[in-house]
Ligand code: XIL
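Only one chain is given next, in structure tokens, and it is the form predicted alone.
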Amino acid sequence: MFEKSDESIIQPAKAATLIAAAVIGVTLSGCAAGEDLNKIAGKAGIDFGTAVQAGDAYDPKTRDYIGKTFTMLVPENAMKWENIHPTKAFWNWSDMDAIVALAEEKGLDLRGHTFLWHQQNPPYVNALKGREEAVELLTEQINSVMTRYKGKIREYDVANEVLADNGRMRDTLWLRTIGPDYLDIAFRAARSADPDALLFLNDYSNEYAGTAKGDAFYRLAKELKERGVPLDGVGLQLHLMAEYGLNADALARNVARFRELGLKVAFTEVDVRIKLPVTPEKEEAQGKIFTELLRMAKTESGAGTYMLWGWRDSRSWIPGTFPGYGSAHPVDAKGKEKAFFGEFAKILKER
């Protein structure tokens, strides 16, 4: 998840095509001629996933919906430091264990999220002062989590949102306590803890080539690769706004240059918020962004991962972070799939 920023709001507008405002039932049997969407995505070779909360693992109807719809899960909050390791003496494994068990039961892949972030850290982490103590604690966190879930979590957002909106390194406790090599340390510790896991650098407002933050993110990834840091891929969060559309050309150019570095590109936290009130025209623009992104995830070489940051408006983080905005997900507050959801299966079946 990202924080509010002016850069994330200023995006180039593109025209949108009309999508009817009908709704579909909460199961996918109607939109895919009886075939579950996760099976269609699997056949297409696409990781089609969503962020989940710990409570989702305990509700039978939600578990069933997740199992039929998605191929990959990422914990929205359960693996963040303040939740999984809230005090030095206590590890809260139960929430993450429940999500891992859900994925195993349904045969889904998992992304881990996240070790390095400037938010949702417990007080003892925020109180860090010296380099030695910070390196020791960070390494312990990475080793403990990745060792416990070795072979169960396929890939990790090792670091999240390390750049400020102007493209400079964000002033975080890790930069202040460890220094500019804190990313090198974290990624190398992660590789050592689970050599088979894929390691990602994740951020927001980094999706377009030719923007200050997008270009800075590319330079950072390139520098890490040149230093021999074990970076396997980059995450483009893609928290977008329906009113500004999608700059598909700038996104495609961005994916291409990461591919040239030998890095995978994942669309990691897709949602498209609407300025309230919702209108058919706004939903039309929203649907075009969601579907165009999925088509790009499928067709752009080097991509292939399309993760929603939650699939339902009823459990959305958007209204609390962006007052006046909402309806950012493919399933509405009443549990009905929005009209464009039916296009997902068609796109995934396209040759």
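Since we're looking at a predicted model, the values are computed, not measured. The first residue of the sequence shown is number 1, and the count goes up from there.
Below: the form predicted together with the ligand, not depicted.
- For a residue to qualify, one of its non-hydrogen atoms must sit within 4.5 Å of the ligand in the predicted bound form; all three of 117, 161 and 269 qualify.
- With the partner left out here, the ligand still marks one of 166-174, 72-80, 127-135, 226-234 in the predicted bound form; by a 4.5 Å heavy atom cut-off that stretch is 72-80.
- The closest heavy atom approach of residue 239 to the ligand in the predicted bound form falls within 4.5 Å.
- Contact annotation for residue 317: at least one heavy atom lies within 4.5 Å of the ligand in the predicted bound form.
- Using a 4.5 angstroms threshold between heavy atoms, residue 113 counts as touching the ligand in the predicted bound form.
- Taking the partner from the other structure, the ligand in the predicted bound form has a heavy atom within 4.5 Å of a heavy atom of residue 309.
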